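The data below hold one chain only, encoded as structure tokens and taken in the form predicted on its own.
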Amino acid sequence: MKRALICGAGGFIGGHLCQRLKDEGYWVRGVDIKKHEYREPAVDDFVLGDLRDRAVCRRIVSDIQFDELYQLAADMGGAGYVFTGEHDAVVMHNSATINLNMAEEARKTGIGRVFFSSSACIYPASMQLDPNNPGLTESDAYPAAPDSEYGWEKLFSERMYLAHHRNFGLEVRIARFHNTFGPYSTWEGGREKAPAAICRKVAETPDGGEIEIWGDGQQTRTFLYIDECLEGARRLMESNFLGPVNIGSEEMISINDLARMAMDIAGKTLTIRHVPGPTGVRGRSSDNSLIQEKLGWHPAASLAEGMRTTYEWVAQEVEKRKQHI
């Protein structure tokens, strides 16, 4: 039985990854500063601890020889958190400290293989000014000019893990996730991503009402359903390719059209009102040529299918909240 350590198990992707690995027969230890907000993580052992604390990082790897470490823990959120500029220092400090701690402990204890979840936010903002963005290839990362301090920290940590590979032989795998979404994700409070936020707004608003969208809504993104994200991560971990590699969809959509998709799923006719707010880059898509070449696979699930599942879950959560008010 393989043993996996999942840092960030109390988060959206981490919680789903726990279930995936348990289904594959792994013994799983999850670690996070908080429990999962929406469900109990499917783990054999859960450690409630702050990975900024070196002692916690040392403790979680000292008693078991792990085959795999998945480092997903980060200080992160949607545009309302990352792009305002108000949280830059804590985002960089918290996430960099976690990665420095975990890389060192993985090196010292000889963990078999380490997965690091980087982000599409590492790509230069200057290459994402066109809403018809043709797709970002992995080599576009340099010369570096990420769109946020969150992106700068992710790029630093990519280089730090690769340096540990070169200097200490640490087996690493690095993926650049592009806007992953699905059920059991944050859907309110300021850190939610666009799909969950839009699903919440549509679910909360009566038919014929109005929802707000930040900016003009013409900014474009690709959104990757959680099951596809996990499939890509697992395939990368089992491969001989270090990365970095994009794990994202190529199905680009404007935020306005994403809102209309949620309305169609809900069976509602709503008006969109555009208001000032952080929007991030103008256009971003994933070029999947490299993952197809190296892994013989690329994400292919439709956005509409994932949005339907996500909307149904968010709508249930909205109804639960109403009943508790």
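Predicted, not measured: the structure shown is a model, and the values here were computed from it. A residue's number is simply how far along the shown sequence it sits, counting from 1.
Just so it is clear, the following notes concern the form predicted together with nicotinamide-adenine-dinucleotide (NAD), a form of the same protein that is not shown.
Only one of the listed residues (D257, D50, D287, D264) places a non-hydrogen atom within 4.5 angstroms of nicotinamide-adenine-dinucleotide (NAD) in the predicted complex, and that residue is D50. When you look in the predicted complex, the only residue of I213, L155, M76, I174 with a non-hydrogen atom within 4.5 Å of nicotinamide-adenine-dinucleotide (NAD) is M76. Annotated contacts: G10, K34 and S117 all touch nicotinamide-adenine-dinucleotide (NAD) in the predicted complex [non-hydrogen atom within 4.5 angstroms]. Not displayed here, nicotinamide-adenine-dinucleotide (NAD) is kept clear of V91 by more than 4.5 Å at the level of heavy atoms in the predicted complex. Contact check for Y150: a non-hydrogen atom falls within 4.5 Å of nicotinamide-adenine-dinucleotide (NAD) in the predicted complex. With a 4.5 Å cutoff on heavy atoms, N179 counts as touching nicotinamide-adenine-dinucleotide (NAD) in the predicted complex. Contact check for G306: no non-hydrogen atom falls within 4.5 Å of nicotinamide-adenine-dinucleotide (NAD) in the predicted complex. In summary, the region of this chain contacting nicotinamide-adenine-dinucleotide (NAD) in the predicted complex, judged by heavy atoms within 4.5 Å and restricted to 166-174, 103-111, 179-187, 133-141, corresponds to 179-187.
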